[in-house]
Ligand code: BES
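What follows is a single chain, given as structure tokens, in the form predicted on its own.
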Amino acid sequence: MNIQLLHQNIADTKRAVSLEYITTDDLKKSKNRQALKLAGFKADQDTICFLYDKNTLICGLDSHSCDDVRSVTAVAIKALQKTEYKSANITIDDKSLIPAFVEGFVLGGYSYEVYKTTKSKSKLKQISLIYTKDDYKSAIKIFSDAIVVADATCFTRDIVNTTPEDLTPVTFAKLAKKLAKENALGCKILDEQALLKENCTSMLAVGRASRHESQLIHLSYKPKNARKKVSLIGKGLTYDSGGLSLKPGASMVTMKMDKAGACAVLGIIKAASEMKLDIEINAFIGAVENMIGGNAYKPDDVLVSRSGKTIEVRNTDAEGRLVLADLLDYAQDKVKADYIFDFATLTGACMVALGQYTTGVMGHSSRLKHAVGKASTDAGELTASLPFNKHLKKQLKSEIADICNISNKPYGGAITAGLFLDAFIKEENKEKWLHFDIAGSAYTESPWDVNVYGGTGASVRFMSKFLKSL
């Protein structure tokens, strides 16, 4: 399916089906109000009504805001894909809504059918956004950036949805190399021998029972005269069985999504490089598989992290933070960044706190959390801040090591996981760092908004928006 932005003066508007977006107030003035009344259409949010004799699809929404437009567009594209129409058009007079339309069509129309023998087919091949104002040049820039971000989000979804047998730590590294070649990025891969030389023994412990070697991936995008330098760190558990603290069988299903933080990091650097942002970006990924075996790391082990801090292991299913401990330390040593962001499907506790739709944000800088919150609101993604406090920090105390990998109490698990990571952030970087727990927002089995079954591509849109704001 191709999407294009046309100017009114050059557009061929004689398309097979036109989309019309109306609120309950608009309904009263609609030229089709009698037909819609007979159909029982009330213009509620995310409702649609086909007027086939007029080749028109009416889309109901609460307001003409970006969020409401994006959401109903995702409903509309699913309906259009089931029809015999080959093309569609929508007239736009507000360029700020262009990203909402693009994301609604691209993300709402996404499907992942790699493993199906029979693929679904749609007759719909062309969608035209027809812009009516004179400032077409500025509108086309907004449109092209929106396409890049939407495509990068779908790219991220594809990786998340790939099975753990097909996407191992080694094949993850190959995928990163391929992206680096296509987008002219720097690329460095550390295998297990190189990781041992770097003293990344905490990360290595998590992956040592797997038949697939752990990999540390470092991609870099370095434009000339970069205004800022940003480090992105992603948890890349290509599969998480829980290790010897084995997950229940039902909880292992969907654990291919435990690499979603790393996938988001790839999607973000892809989008930034294609938009040609004047921001240097360094992406660090810890690609590891957490399995069981005679050589698996164990509860009661004490690991020595790359930073030298010792970690008492009391649960091998709290493995992502052990990978990130070494990865964060490595990233801080290799790049002196203005901002440091890590992305991880870290805790089920984050879903308990915020629900499945919202990314948890943790860190010390209120200013930075506010800036990212604004970007996420503008991008249509949900984030919420979870506050650190000294009392929860005490719950990570170990009697035999510097820190314990889980809290000694069953409360505030998302925050104590963030506080564990905070222990590996150097003092000079505390105000530059934020942790994003995407455990709930990165994957869904119940479609919502522009998200279909599977990976959502969480964080790509709002972080692209934040990077552009720099």
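Note that this is a predicted model, so its numbers are computed, not measured. Counting begins at 1, following the sequence as shown.
If you look for the form predicted in complex with this ligand, you will not find it shown, but the lines that follow are about it.
The closest heavy atom approach of Asn315 to this ligand in the model of the complex falls within 4.5 Å. Not displayed here, this ligand is approached by Asp258 to within 4.5 Å at the level of heavy atoms in the model of the complex. Although the partner is absent here, Ile142 lies well away from this ligand in the model of the complex, with no heavy atom inside 4.5 Å. Mapping the unseen interface onto this chain, Ala209 falls outside it, with no heavy atom inside 4.5 Å of this ligand in the model of the complex.
Judged by heavy atoms within 4.5 Å of this ligand in the model of the complex, the contact stretch among the candidates 334-342, 363-371, 319-327, 390-398 is 319-327. For the residues Ile130, Leu382, Leu303, Ala349, the 4.5 Å heavy atom test against this ligand in the model of the complex is passed only by Ala349.
The partner is absent here; in the model of the complex, the one residue of Ala423, Ile406, Leu51, Cys66 having a heavy atom within 4.5 Å of this ligand is Ile406. Candidate site formed by Ile269, Glu274 and Arg461: none of these residues places a non-hydrogen atom within 4.5 angstroms of this ligand in the model of the complex. Along 230-257, residues Lys235, Asp240, Lys247, Met255, Met257 each place a heavy atom within 4.5 Å of this ligand in the model of the complex.
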